[in-house]
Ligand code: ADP
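As a starting point, one isolated chain is supplied in structure tokens, in the form predicted on its own.
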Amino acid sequence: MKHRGHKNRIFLLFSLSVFFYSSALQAEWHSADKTLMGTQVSVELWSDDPDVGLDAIDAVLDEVERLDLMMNPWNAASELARINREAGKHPVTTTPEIVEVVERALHYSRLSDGAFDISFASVGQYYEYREGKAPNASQVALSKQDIDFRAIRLNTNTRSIFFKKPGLQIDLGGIAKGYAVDRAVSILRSAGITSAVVAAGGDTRILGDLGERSRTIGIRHPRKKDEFVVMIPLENTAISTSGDYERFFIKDGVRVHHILDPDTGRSSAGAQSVSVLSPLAIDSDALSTTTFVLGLERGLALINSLSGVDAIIIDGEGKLHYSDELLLKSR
């Protein structure tokens, strides 16, 4: 399916968490977007040859659509849904893409001592945010026993995955969009594209320095939709934002949102928004969720221990905090 963008138009990339604006439009910039992976996926790139640029956009959107069909746990026909049905019974041979994403997810599970855990879906499957429904205490207590990344057995040699707990379920929502963005950038590079922006909801990656089209990002105010709490320049990097305002409902005065604490099976408290910058989107995606769950003190300690990674945290009181490296850059 072709997704031809329109030449000679001003293109603004919006997501739930970041806002990009650019300088004057150049004729060589091309763009398109499509709803995929439960969000808006956008591609904007520069190319001397319009056909090369538009073909590259088509290839990117086709790839993200392919990954969406593979990794959507709510699509019964997806590969991930098949894994959730069968891996608790026997090892399931799966795709190289899912092996790569799960392997990276388990890395962050170990690094954070379980703050990032794709088996959160064992409880997360019972939340219905659009309908404003949450599992009751007994259901959470029972299902929470299946949240355990250590029970996920991944064999990279045989490309198989097995759950030691039959009730365990996984969801790649905290890392898959970042992976898709990185795949998109790889496709663009292979096509000879050197300047581009790829965004999938709260996950964005800049390829190159964009020439004269300097970019600034605004971190969205978690409680004021049309306001931004800070603006920072962005070049040749990835940024991901996790916020308690993306999917949520209010129940008995409490904000119930989609970022679950694996320890409790309930919405993580202590932060309103976390933005992480890193070279790859798969890492910024996973780390924004991880840091959100860890909270301010432990989250900043983790980020400060990682080379080339920065974070901006808006705590539960709405106060702004920066990782050490960003603080040094701002001075």
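Just so you know, these numbers come straight off a predicted model, no measurement behind them. Numbering starts at 1 and follows the sequence shown.
If you look for the form predicted in complex with ligand ADP, you will not find it shown, but the lines that follow are about it.
Looking at V102, I219, L207, I259 here, can you tell me which has any non-hydrogen atom within 4.5 angstroms of ligand ADP in the model of the complex?
Here the answer is residue option I259.
Go through V198, V123, I118, I239 and name the one with a heavy atom inside 4.5 Å of ligand ADP in the model of the complex.
Checked against the cut-off, the match is I118.
Flag V293 as yes or no: does it have a non-hydrogen atom within 4.5 angstroms of any non-hydrogen atom of ligand ADP in the model of the complex?
Because a heavy atom of V293 falls inside 4.5 Å of ligand ADP in the model of the complex, the answer is yes.
I'd like to check something about S275: if you look in the model of the complex, is any of its heavy atoms closer than or equal to 4.5 Å to a heavy atom of ligand ADP?
No.
Taking the shortest heavy atom distance, is E97 within 4.5 Å of ligand ADP in the model of the complex?
Result no; E97 lies far from ligand ADP in the model of the complex.
Is E86 close to ligand ADP in the model of the complex, meaning a heavy atom pair under 4.5 Å apart or at it?
No, no contact at 4.5 Å.
So which stretch, 88-96, 131-139, 228-236, 242-250, is the one near ligand ADP in the model of the complex (non-hydrogen atoms, 4.5 Å)?
Only one stretch passes the 4.5 Å heavy-atom test: 242-250.
So which residues in 166-183, when you check ligand ADP in the model of the complex, have a heavy atom no farther than 4.5 Å from it?
Heavy-atom contacts to ligand ADP in the model of the complex: D171, G173, G174, K177.
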